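Starting off, we have a lone chain in the form predicted alone, written out as structure tokens.
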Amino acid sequence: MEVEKTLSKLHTFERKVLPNIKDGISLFELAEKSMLKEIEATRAIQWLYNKKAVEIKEEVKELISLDENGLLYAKKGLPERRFLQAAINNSKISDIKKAAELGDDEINICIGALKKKAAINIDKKDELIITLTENGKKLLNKEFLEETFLKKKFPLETKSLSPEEKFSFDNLISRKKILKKDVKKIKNICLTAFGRDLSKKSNTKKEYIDRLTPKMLKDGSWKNKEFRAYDVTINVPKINRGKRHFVSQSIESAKRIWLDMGFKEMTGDMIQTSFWNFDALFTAQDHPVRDLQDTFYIQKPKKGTLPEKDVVDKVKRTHEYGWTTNSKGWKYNWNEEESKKIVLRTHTTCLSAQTLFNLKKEDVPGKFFALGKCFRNETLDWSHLFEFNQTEGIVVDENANFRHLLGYLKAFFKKMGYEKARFRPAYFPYTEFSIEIDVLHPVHNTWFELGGAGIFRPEVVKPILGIDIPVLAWGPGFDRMILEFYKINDIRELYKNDLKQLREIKDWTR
């Protein structure tokens, strides 16, 4: 019953190969006997394997086949044969070369090969003179071992060569593009007990129609025909759907979290002047973070333009002596040219500074976020990238306080999958209070650091916003945040663009 049911599902290719499967037959031989292309025979065998009708055994074989010159010599004759035949009527090497249609390389090979066979004598005068020996004359009517070898049916297996064939092979493989040797996996096919029953039944003259055509419907020829059953259980190739990169999925999800919490998105250029990247954030011009080993500086153009003179002057005075912020500043001579240098932004906090500068009175209170790429001259390792994502946020509100800051951060991290977050005192040039953010790893039950947060100092807010008002601020790294969800231990794997990883990795679902 099972045989009959399976028989009705067989494809035309399967019906063609089944009667030709003998134990241990190779795929190449099977295709030849079934008068199918190799790809068609491969499909048929895979389908039969899925039906448990055949077994496939793989064997590694070293195979010899004809290369470019080998195919030519099999038809036209070996160069030494043509040389020998031309030497009957010619003695000068130039005449032999012309008559035998040989190139310079082939002439040298012929002379060496025929000398080994004691077939020619060479006289060196103004030009090489070739004469045939008695053995050479005999060879005119006798096939070389190499010629016999080239008439074989290729590919040949190296371990099946006779001593004479091995001798010919060694002589020819050393010559240019006559033979090539490949290691191949050969699939040998055998019928299972079920396959043998199937094979016997498939020899019947009963025909199955593969498809119903419009013509058959019109002329009624479909009546009384036996149609091949549609097999809904057969394995089909996996189709990989198109989807966004998994990091992009998580970024979009995180943006949605901030938007749902009432924040507006901040955007801006990845290339910034040092003024917005450092000076507006009260980072001293001699701070180590501005050194070449930490920051990527742009060479062309080397400098950019600054905002209106009034705000530049306020930032300058704040750096030098604190201006009206009740601060002593950094006590140095601030250099305007230094602030014009162009950098790849080292954090998205520069967007927070620009947002404060552009705020109007009616925009306060306000909540803003950014999520984008930053660049630092870091040594690349399992936990550091020189290009990474940071999520930035500010809350501008005269009633905002430190507890609100912790509340926003806890809410965001909880939605990102981290139930517990803790905060440690820290120092940053542009915030006071300042904290480091740690979250509890949900699997390893250990704390790991994600970044910093705090309340902007008056030295940041007052010069660029014009008023002294609490501004909550944070900027944790985003890439480390998503490692646990994707079960990735090396941060470099986020961007290795491995096709297998991209196909198999799960979608972001938080």
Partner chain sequence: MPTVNLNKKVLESLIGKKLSLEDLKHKISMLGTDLDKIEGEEIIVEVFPNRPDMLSEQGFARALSSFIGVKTGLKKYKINKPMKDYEVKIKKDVEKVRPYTVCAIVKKMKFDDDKIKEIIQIQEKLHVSMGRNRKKLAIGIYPLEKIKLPITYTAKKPSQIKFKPLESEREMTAFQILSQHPAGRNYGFLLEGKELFPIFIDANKEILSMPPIINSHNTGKISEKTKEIFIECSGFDLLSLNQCLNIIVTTLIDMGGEAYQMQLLYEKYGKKKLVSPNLEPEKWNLNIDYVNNMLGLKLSKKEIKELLEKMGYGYENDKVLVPAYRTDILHQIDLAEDIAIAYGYENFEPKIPNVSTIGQEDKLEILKSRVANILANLGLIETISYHLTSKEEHNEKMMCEEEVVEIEKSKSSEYTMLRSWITPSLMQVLSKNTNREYPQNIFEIGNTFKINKSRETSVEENQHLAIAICGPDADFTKAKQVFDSLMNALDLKYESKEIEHNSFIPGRVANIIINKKDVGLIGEVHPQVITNFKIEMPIATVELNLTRIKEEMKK
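Numbering follows the first chain given and starts at 1. Just so it is clear, the structure is predicted and the values come from calculations on it, not from any experiment.
Here the subject shifts to the form predicted together with the partner chain, a form of this protein not shown in this document.
Contact residue in the model of the complex, from Phe386, Trp382, Phe227, Tyr230 (heavy atom within 4.5 Å of the partner chain): Contact check passes for Phe386.
Contact assignment for the partner chain in the model of the complex, among Ser168, Thr391, Gln272, Thr346, heavy atom within 4.5 Å: So the residue touching the partner chain in the model of the complex, by this definition, is Gln272.
Interface stretch in the model of the complex with the partner chain - options 180 to 188, 250 to 258, 77 to 85, 213 to 221, non-hydrogen atom within 4.5 Å: Of the options given, it is 250 to 258.
Close approach of Ala193 to the partner chain in the model of the complex, 4.5 Å, heavy atom: Ala193 lies outside the contact set for the partner chain.
Asp95, heavy atom within 4.5 angstroms of the partner chain in the model of the complex: Output for Asp95 is no: heavy atoms all beyond 4.5 Å of the partner chain.
Residue contact check: Ile64 to the partner chain in the model of the complex, 4.5 Å heavy atom: Flag for Ile64 set to no.
The partner chain contact in the model of the complex: Leu161, any heavy atom under 4.5 Å: Outside the cut-off, so no.
Residues in 423 to 441 with any heavy atom within 4.5 Å of the partner chain in the model of the complex: If the 4.5 Å heavy-atom criterion is applied to the partner chain in the model of the complex, 423 to 441 yields Phe423, Arg424, Pro425, Ala426, Tyr427, Glu432, Phe433, Ser434, Ile435.
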